[in-house]
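First comes one chain, alone, set out as structure tokens in the form predicted alone.
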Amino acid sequence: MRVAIIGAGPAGLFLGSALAGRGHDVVAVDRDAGPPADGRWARPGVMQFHHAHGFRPQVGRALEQEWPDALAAWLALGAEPVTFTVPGMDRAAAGHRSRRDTFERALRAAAATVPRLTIRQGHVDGVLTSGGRVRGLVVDGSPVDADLVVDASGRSGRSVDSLRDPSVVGGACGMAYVDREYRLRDGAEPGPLFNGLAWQADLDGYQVLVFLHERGYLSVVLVRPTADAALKDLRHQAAFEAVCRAVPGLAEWTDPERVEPASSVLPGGPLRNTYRGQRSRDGRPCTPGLVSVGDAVATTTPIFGRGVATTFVQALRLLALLDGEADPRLVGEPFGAWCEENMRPWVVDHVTMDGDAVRRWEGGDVDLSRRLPSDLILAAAEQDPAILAATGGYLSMLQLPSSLDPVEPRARAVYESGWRPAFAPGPSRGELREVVAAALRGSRGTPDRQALPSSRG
């Protein structure tokens, strides 16, 4: 079988290597030339590339199963496996600490050694179709024939829009973020942690997170409502640093005695939760010969670090379908049905959860007229430990969000009693605006010098 993949990111390279390993001829097309031998990899068109990432255990398990050379390359570049205790379960793999840059460098390096897999730099102009099915791509004006085209172009890909139903579940969630990368100084210990991967604090009107990466790197993330335009100024270094000093937990993490900046401040823009199925524009369940996968199907905000995990879970399912079906035209419909059942619920969960969080950030109370969002069910475990024992499947993504349904009534009873989660110590969002404004006033007349990436390895 000849396979043409749009995109040489994690989805494209993972699928490409696995299909090539099965004896298929695969070409993955990407505008990016790959990582430079030295210096920063810009990765244009992949907005989230340099932002905070969490890698759940699904990623490492998929690599171990299908592409152990890539896992070895990732570990050699410093990826750090971590474990923690999941409620109701034994000690379990939590995933890997790593930057996205490190992860993709490992995949690119491993892909270069895979027989029958070609990575071609170029622009996908369109899709070749005839007889009601897809038969290849047009790349830089030249045809690339294929028995199967895989759209792994990510959340912003548009190459197959002429064939796919444009209907999307979700959209912008009302949150925006900004982050910055740091590195622990030699001998310094990490700051406060909830688990081996991250720390999170919910404050009055906003949220802060820290994601740990490999070799002492970490990302500090500030999440705000997009409606609060004054906090767009968090993109300025003086404002970002002032907020880090004002929030007690972040003050610990970003203490100059503990860390040094390893990047400039990175504006992330509005966050989105979107699901797009396999249906074609003419109403069919799919377009024969075309399958979309990864972020082209499901995108969620980074709060729970689910993005790469959902991509690799999708890829494994697609591989299983292709292994059992000789005609690649026939996998789109069952894959679409599987995505509806197994990917859409995660997006809907985030749409509900993130939208309600923004509503509460603006002063709204817990809404007891409908099912509680998942984050509030989890929070109620502080008052009712019986809830915690039932959350392991959801937290590990081994079970869908509906796995929380049996304990939702217990959580509801907690909120009906009048209890509400306490805000973490730190300024309210109104006070945060004052911190930002004061920092910018103090920096007037001084160039907003952004720190350059650390040169330490």
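Throughout, we count residues from 1 along the sequence that is shown. Quick caveat, the model's predicted, so the values are computed rather than measured.
Keep in mind that the form predicted in complex with a small molecule is missing from the display, and what follows is about it.
191, 305, 355, 81: which sits within 4.5 Å of the small molecule in the predicted complex by any heavy atom?
-> Contact with the small molecule in the predicted complex is made by 305 alone.
With the small molecule left out of view, which of 285, 170, 196, 157 would have a heavy atom within 4.5 Å of it in the predicted complex?
-> So the residue touching the small molecule in the predicted complex, by this definition, is 157.
Taking the shortest heavy atom distance, is residue 122 within 4.5 Å of the small molecule in the predicted complex?
-> Contact check for residue 122: yes, within 4.5 Å of the small molecule in the predicted complex.
In the predicted complex, residue 46 touching the small molecule (heavy atom, 4.5 Å) | Heavy-atom contact with the small molecule at 4.5 Å: present for residue 46.
Would residue 12 count as touching the small molecule in the predicted complex under a 4.5 Å heavy atom rule?
-> Residue-level check for residue 12: yes, a contact with the small molecule.
is_contact(residue 97, the small molecule) in the predicted complex, heavy atom dist at most 4.5 Å = Residue 97 lies outside the contact set for the small molecule.
Of 148 to 156, 111 to 119, 233 to 241, 199 to 207, which is the one stretch near the small molecule in the predicted complex, taking non-hydrogen atoms within 4.5 angstroms as near?
-> It is 148 to 156 that comes within 4.5 Å of the partner.
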